[in-house]
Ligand SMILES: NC(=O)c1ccc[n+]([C@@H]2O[C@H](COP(=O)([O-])OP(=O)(O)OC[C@H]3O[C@@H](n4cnc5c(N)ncnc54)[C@H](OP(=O)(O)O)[C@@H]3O)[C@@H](O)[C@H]2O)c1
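A lone chain, given as structure tokens: the form predicted on its own.
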């Protein structure tokens, strides 16, 4: 399922491929997983210069060799590199590691000490040079987003990449509604959580498994369908092997009923609005 990635942005598949810690996997298996994901339509691939100090980008570069035009490719600049000149230099290094001449989207990984005017100015310069096609932010709460919008203006910020999974739904309070009002896509990272997806046999697993059975799906596919139920939200689960990529791709066409969405929402309650945006 494809949907618009930000105001006036391209149509991008709702389920993509995350690559945080992918460098710790067997290299051939990691490459095979990414390629299987591409074969199954998971064309949105996300990485960052921080991941393995560039090792993740090098793995992706190998995986997408000869297939660059199939990919919606995203990477991120670290805050301590996000000066005007530093953002340019980091982008050049990223492109070299990815073996490409362009990023489809370039993100500021989180707020740092450099003025947003400098980082966003560099993003706009890189756009004019054709080295990036769009740009956005990551781990921005509403106050950060408001400041970013005041600097950039409407229609410039493509997305906000944030933590979002069944047990961590804080962005539903304010971040998602704010982004939807301003045409900014939401990309959910760690959509299965960090080693806390419902264990087999647990009450939560029984609920997800019961719902999954009615669709001929798996609990993880049901979770992805729930998280991407709104047209503004994308998810980037990591696949450790080709079988996991196949499973993630199975969520692309899964549309849950309103009843099942309500059941999942009750089982994994939203909870109170936190003081600060959760992030990893």
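Fair warning: this is a prediction, and the values are worked out from it, not measured in the lab. Residue numbers count along the first chain shown, from 1.
Below, we refer to the form predicted together with the ligand, which is not included among the displayed structures.
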- Where, among 34-42, 244-252, 207-215, 65-73, do residues come within 4.5 Å of the ligand in the model of the complex by heavy atom distance? 244-252
- Message: When the contact criterion is heavy atoms within 4.5 Å, does residue 194 count as touching the ligand in the model of the complex?
- Response: yes
- Query: Is there a heavy atom of residue 87 lying 4.5 Å or less from a heavy atom of the ligand in the model of the complex?
  - Reply: no
- Could you confirm whether residue 189 comes within 4.5 Å of the ligand in the model of the complex, counting heavy atoms only? yes
- Does the 4.5 Å heavy atom contact test between residue 97 and the ligand in the model of the complex come out positive? no
- Query: Just one of 182, 109, 127, 156 has a heavy atom within 4.5 Å of the ligand in the model of the complex. Which one?
  - Reply: 109
- Item | The single option of 239, 222, 233, 59 touching the ligand in the model of the complex, heavy atom within 4.5 Å | 239
- Restricting to 141-165, the residues within 4.5 Å of the ligand in the model of the complex through any heavy atom are 161
